[in-house]
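First, one chain by itself in structure tokens, the form predicted on its own.
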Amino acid sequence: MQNILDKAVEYGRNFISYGKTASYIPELSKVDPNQLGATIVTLQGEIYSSGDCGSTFSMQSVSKPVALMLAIADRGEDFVFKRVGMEPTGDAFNSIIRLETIKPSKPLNPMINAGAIAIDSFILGSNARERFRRLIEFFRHISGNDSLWYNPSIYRSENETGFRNRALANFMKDNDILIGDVEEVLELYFKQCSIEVNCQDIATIGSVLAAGGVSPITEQRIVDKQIANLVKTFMVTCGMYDASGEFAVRVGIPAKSGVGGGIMAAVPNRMGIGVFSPALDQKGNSTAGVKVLEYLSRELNLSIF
């Protein structure tokens, strides 16, 4: 396993130069684009790491499946999916066009920005501070890392430049989708996206999903099996933005990417994988990270299809 992972990372390095760091969030543009690391956490609790796996990065959209799990646990599926759909969009992750053109005017799925912002408004708590406390505690629990916290500089950068996300949030508030104060919900969302992790953290989360909601490290149930399976399904259909279909064909495993350069993958009944490389393609996915997962899927026969 270690030899295959090392070769996958070596292969992935050939594709770093094809991408660029995210520029629309100023702090992300400052990240060294030449980093590449990957970690595998098996369902037997074995951990394999290669490359720049110790580097920390902000979760960005990799955080969306985790917040979705908490929202469903808090509110139930009926409540959540009355307000957020279950369909892929085929549009960019921050697009507003579907909100304006479909009826009812609700986000098509929880993996795009509009859907994820709505999801954060469903998390229970008496105020913004309590909701973030519950959210960060859940992230720590599912990742097995009690020291997780958000990066204040990245949070400020997102908050100061998040004009499109504010437009999405206000549109949903006007259509009775978003619950609570718009700015408080956006504060929670921007902090969530700014949570700093490394490859092992997201590989561990992936392993919990791969095991149907049970931690392979502690053997403790973290989330209900039904919720874990539902989230994995969203990761297959919507997790790689508007490249999800091609990724399903070429790699064939549930995965969620983020513009911080991370990709979290969950191979049912086998392993979780965390990959980090901040140079992105035009759709917001890590160029080298995708290639690492393609290599691993091919060599380890990981496709679920």
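So that there is no doubt, residue numbering starts at 1 and follows the sequence shown. Owing to the predicted nature of the structure, the values given are computational and were not obtained by experimental measurement.
Just so it is clear, the following notes concern the form predicted together with a small molecule, a form of the same protein that is not shown.
Using a 4.5 angstroms threshold between heavy atoms, V66 stays clear of the small molecule in the predicted bound form. The small molecule is not shown here, and in the predicted bound form it never comes within 4.5 Å of any heavy atom of P278. Put simply, I119 is far from the small molecule in the predicted bound form: not one heavy atom of it is within 4.5 Å. Proximity of G274 to the small molecule in the predicted bound form falls outside the 4.5 Å heavy atom cutoff. With the partner omitted from this view, the residue of C193, A210, I202, M172 that lies near the small molecule in the predicted bound form is C193 [heavy atom within 4.5 Å].
Considering the small molecule in the predicted bound form, the lone stretch of 138 to 146, 157 to 165, 173 to 181, 74 to 82 in range is 157 to 165 [heavy atom distance within 4.5 Å].
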